[in-house]
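First come two forms of one protein chain, each written alone as structure tokens, so that there is a structure 1 and a structure 2.
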Structure 1
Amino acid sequence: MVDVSQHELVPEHTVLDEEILEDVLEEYDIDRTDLPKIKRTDPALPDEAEMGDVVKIVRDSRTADQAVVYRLVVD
């Protein structure tokens, strides 16, 4: 079976530590629930991602070197 998360076209997904998450939420002046959602069943998520975690996704960008987005893991 193929591990989709290791495919070259899948951007890097990282589960954020609570300390880093607090800094991100404070920077954008939002709550965790204000973030866009990603399903726990998404094959690109790291195995350690659990419901309620926030995942940092780093994508390549044509206009900026990298684009960083955050997603809340939901069931």
Structure 2
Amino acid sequence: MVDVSQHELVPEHTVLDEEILEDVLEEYDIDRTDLPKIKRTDPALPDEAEMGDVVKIVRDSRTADQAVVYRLVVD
């Protein structure tokens, strides 16, 4: 099987710790369900990610060098 995370189109995905997530949600003043979603079956998702987890994605950005975004794992 091909290691998807090695592809240059795929940014780094990491599962976010619950405490850090609290800070993030507070900073943006949103609920976790307001975050963009990612499917549980997504090939780029780390193995340990489960439904309801939030993954942190660090993209190489065209406008800001690096950009951090979050996605909620859904069914």
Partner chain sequence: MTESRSAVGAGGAPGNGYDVSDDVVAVVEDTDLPRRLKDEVYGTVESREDVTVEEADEIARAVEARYLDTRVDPLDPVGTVSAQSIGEPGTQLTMNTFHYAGVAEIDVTQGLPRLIELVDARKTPDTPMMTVYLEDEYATEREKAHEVVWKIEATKILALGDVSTNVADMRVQISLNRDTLEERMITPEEVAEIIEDSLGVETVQNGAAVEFGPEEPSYRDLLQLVEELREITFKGIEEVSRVVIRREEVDDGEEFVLYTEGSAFGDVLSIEGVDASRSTCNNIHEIHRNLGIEAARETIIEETNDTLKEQGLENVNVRHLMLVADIMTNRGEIESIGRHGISGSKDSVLARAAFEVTVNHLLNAAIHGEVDDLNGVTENVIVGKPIKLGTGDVDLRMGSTGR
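Because the structure is predicted, anything quoted here is derived from the model rather than measured. One-based numbering along structure 1's sequence throughout. We call the rigid core the largest set of C-alpha positions that still match within 1.5 Å between the two forms.
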Deciding between structure 1 and structure 2, tell me which is the form predicted on its own. 1
Is M51 one of the residues whose C-alpha moves 2 Å or more between the two structures after the core fit? no
Cα shift between the two structures at H7, which is computed once both forms share a superposed rigid core (Å): 2.3
